[in-house]
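Quick setup: one chain, the form predicted on its own, written in structure tokens, and binding and motion questions come after.
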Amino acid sequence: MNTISIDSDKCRKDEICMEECPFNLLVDGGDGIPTPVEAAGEMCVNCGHCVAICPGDAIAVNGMTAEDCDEVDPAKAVSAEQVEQLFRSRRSVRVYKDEPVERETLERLLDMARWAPTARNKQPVHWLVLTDRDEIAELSRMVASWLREVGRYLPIADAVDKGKDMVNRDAPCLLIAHAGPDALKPVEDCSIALTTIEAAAPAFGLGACWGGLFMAAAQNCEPLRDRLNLPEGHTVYGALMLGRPKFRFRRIPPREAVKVTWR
């Protein structure tokens, strides 16, 4: 049961929290000070919206107050032009330098992904981080074996057998996102978390590529699932190769026009 409390001495009676609550759990108590509705304890998802937006620092959710939150620094906001180039220049990086990815860098990226949105703020995403090159190569061989069994992408399986890893691309790191059966939207939650890391990677000198073949095998190949040794009931919902690009992309290829209907 979640608890929402309002400090009446700090409240500015601006009603901002009432407007911003995703589930309309705060209403005017009659004196301009918000009060939680009867079902607030059950419906609150502990997102912290009200705490984050209150200019008077008057709200606490489950004991979390403004003092527990980091301040947003407007000076660190990126420009529209920077964001535009970031996403227009995004490439799937499949050729990496023979260098490990530092543990500290991985920890920072994973930490940022904690703020990726999840359904009802359940935060169900778990991570398996592989940095052992031999283990990653072994998983690639297992994926190749599965591809042969199902009769798909046989040239890729042949390449792996000959020592050219076209599954995990000799990446020095493989990030695997998984979630348990209690997740409401595990595909979306894990995908958004991985996309967050992919978007942030260039700022750390890294490139990334989605491991589509690995993801398919991890969901359908029992020996591979057993090899990953995930917690009981957990399923792989996404994987990302990560490493320092061997080469620098210099241009932004064109794309098709936006497909949009305006109403």
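No experiment lies behind these values; they were computed from the predicted model shown. One-based numbering along the sequence shown.
From this point on, the text means the form predicted in complex with a small molecule, which you will not see here.
- Using a 4.5 angstroms threshold between heavy atoms, G212 counts as touching the small molecule in the model of the complex.
- The small molecule is not drawn, but in the model of the complex it has a heavy atom within 4.5 Å of R255.
- With a 4.5 Å cutoff on heavy atoms, H178 does not count as touching the small molecule in the model of the complex; it lies far away.
- Within 4.5 Å of any heavy atom of the small molecule in the model of the complex lies no heavy atom of K97.
- For the options R90, K122, R108, R133, the one in contact with the small molecule in the model of the complex, meaning a heavy atom within 4.5 Å, is R90.
- Of the candidate stretches 212 to 220, 227 to 235, 38 to 46, 56 to 64, only 212 to 220 has residues with heavy atoms within 4.5 Å of the small molecule in the model of the complex.
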